[in-house]
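The data below hold one chain only, encoded as structure tokens and taken in the form predicted alone.
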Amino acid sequence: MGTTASQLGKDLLSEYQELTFLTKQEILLAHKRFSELLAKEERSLPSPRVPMEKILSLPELKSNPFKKRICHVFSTSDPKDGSLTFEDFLDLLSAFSDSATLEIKSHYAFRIFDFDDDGTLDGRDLEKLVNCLTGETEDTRLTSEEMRQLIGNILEESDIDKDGTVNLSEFQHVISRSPDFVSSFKIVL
């Protein structure tokens, strides 16, 4: 299926450009890549969903340690099964684009790292975050003591109001001091 502007429609393409940080070419490429994940008979449906397993097969997500969380955060399905519509897929690509603002990127990073979706990063979220980053093999897993010390250090540095958790505002404050965050928080098709 060759992707052309007419398949999306000029009005819809313009609307997607206004609502995202993506260029016309990026939106068309996203549409092409999304359509390739659909079975031929699904391509004519009004709002087809691509299952999370197929999204995770994209080379751009395959090695991302947060790939499942990314799908869950951007999925509008009910219940949250990680499947994505084309608009969900555009939202994901927009948040991870070079043009997205620090505020947008840090908001979505926070949601991705908030494994229990309670609006804060507590010790359990931070432990899962560290395990995702280090890998959970015997060779890379931190000892209980190392994990406790690392989480303590993270909270000491980030938990401004000293309530034992990191909220979005505190997270954004920490991220604002990290010059590499914006350039490393990206997915490019």
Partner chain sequence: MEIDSVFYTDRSGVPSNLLLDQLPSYQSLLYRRKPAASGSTKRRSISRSRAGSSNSVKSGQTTLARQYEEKQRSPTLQRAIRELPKTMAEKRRDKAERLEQDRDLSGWSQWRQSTRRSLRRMKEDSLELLRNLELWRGDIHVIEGMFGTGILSYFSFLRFLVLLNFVMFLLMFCFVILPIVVAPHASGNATFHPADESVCSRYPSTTRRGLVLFQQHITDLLSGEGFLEQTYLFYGYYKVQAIHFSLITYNLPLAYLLVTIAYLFLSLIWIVKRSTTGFKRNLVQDEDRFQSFCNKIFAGWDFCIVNENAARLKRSSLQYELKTDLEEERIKQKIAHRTRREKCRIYAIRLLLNVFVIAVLAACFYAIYMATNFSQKVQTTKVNFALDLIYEYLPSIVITVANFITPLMFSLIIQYEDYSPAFEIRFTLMRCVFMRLTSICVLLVSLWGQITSCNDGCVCGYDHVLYPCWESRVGQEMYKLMIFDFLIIGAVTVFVEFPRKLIVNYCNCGLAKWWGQQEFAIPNNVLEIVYGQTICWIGTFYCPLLPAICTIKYFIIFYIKKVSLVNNCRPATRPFRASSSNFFFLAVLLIGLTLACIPVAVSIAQIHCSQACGPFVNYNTTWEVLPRTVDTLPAGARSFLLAISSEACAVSFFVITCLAMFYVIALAGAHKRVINQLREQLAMEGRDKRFLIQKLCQAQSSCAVRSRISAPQPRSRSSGSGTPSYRSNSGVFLVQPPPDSATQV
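Positions refer to the first chain, counted from 1. Note that the structure is predicted; figures quoted are calculated from it, not measured.
A second form of this protein, the form predicted together with its partner chain, is not displayed here; the remarks below concern that form.
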Distance check, S63 to its partner chain in the predicted complex, heavy atom within 4.5 Å: yes
4.5 angstroms heavy atom contact with its partner chain in the predicted complex for L90: yes
Partner proximity in the predicted complex: G164 to its partner chain, non-hydrogen atom cutoff 4.5 Å: yes
C132: touches its partner chain in the predicted complex, heavy atom cutoff 4.5 angstroms: yes
Residues within 4.5 Å of its partner chain in the predicted complex, restricted to 161 to 183 and counted by heavy atom: D161, K162, D163, G164, T165, N167, L168, S169, F171, Q172, H173, V174, I175, R177, S178, P179, D180, F181, S183
